[in-house]
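Presented as structure tokens, the chain that follows is alone, the form predicted alone.
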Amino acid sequence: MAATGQLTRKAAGVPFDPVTMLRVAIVAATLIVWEALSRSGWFYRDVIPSLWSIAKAVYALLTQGTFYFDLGVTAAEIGAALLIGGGLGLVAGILLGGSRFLSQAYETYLYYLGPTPKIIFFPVMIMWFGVGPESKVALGALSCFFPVALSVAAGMRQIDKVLIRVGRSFRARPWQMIVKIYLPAMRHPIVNGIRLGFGVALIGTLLAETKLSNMGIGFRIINAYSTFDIPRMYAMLIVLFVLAIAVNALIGRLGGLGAVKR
């Protein structure tokens, strides 16, 4: 239906659909208002810098090697956090979704602890893992664990019972049931959980870097703020925002490719 509508609009000579036009209009209006506020003189210097100064800061940022080093540090911490927290969340979700007893005993705690700001556990992470990257990875993994576990547990309960009976009729071992039945049937809940987990792991890792670190994107953002280099701070936020959108879209795309291959 959507493809037919797009073809109809193209045939009628309409270059963009209304949704695209609305999105472009919102972005354009936001940029216009931002530039107007920067020129108004209502705010202290550089609190709302001009778009041109932000663009120059983005260019300077992307041409500096130190930015890519810090980006690599933060990416490694987030990747490790996603691998550890997501892996543990996947296991916990399968156990909770596959056992009514475990679900009734423990899943309530996940619902209570999930929305809790994980930054409050950062002092504990420092005591356990030190002030290095390990404490940032631990906080990111803790943040990532809950959305993945809850999403997978919900996905386990939505698996068609016929698939489970077929697997058991062939006397599949537990690991074979997981690999051949559970994981393929839970593709969407797993992908959604990973996307949510990536978002909160990103937030947790960056918050940890702003609190106690001497490298990483979070440290550079808070350093730019402390030295009142506001255009550079906005430049790093914009680049980080774009990269986060790209990674999120890539995770969704990989999940879709997995479905096509199967």
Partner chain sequence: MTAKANRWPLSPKLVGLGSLVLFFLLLEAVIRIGLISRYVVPPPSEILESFYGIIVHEHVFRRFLLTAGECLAAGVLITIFGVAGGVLLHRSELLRRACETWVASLAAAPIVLAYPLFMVLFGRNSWTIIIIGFIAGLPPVMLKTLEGIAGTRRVLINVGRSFNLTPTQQFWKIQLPAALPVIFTGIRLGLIFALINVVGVEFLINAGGLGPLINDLAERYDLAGTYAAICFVILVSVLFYMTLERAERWLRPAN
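Numbering follows the first chain given and starts at 1. Quick caveat: nothing in here was measured; it's all calculated off a predicted structure.
The form predicted in complex with the partner chain exists for this protein as well; it is not shown, and the discussion that follows is about that form.
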Exercise. If we take heavy atoms and a 4.5 Å cut-off, which stretch out of 92 to 100, 79 to 87, 146 to 154, 130 to 138 is in contact with the partner chain in the model of the complex?
Worked result: 92 to 100
Exercise. Any chance 61, 68 and 72 all have a heavy atom within 4.5 Å of the partner chain in the model of the complex?
Worked result: no
For this session: Using a 4.5 Å heavy atom cut-off, state whether residue 38 contacts the partner chain in the model of the complex.
Result: no
Exercise. Wondering, does residue 234 line up within 4.5 Å of the partner chain in the model of the complex on heavy atoms?
Worked result: yes
For this session: Although the partner chain is absent from this view, report whether residue 247 comes within 4.5 Å of it in the model of the complex, heavy atoms only.
Result: no
For this session: Could you confirm whether residue 115 comes within 4.5 Å of the partner chain in the model of the complex, counting heavy atoms only?
Result: yes
Problem set entry | the partner chain in the model of the complex - contacting residues of 60 to 85, heavy atom within 4.5 Å | none
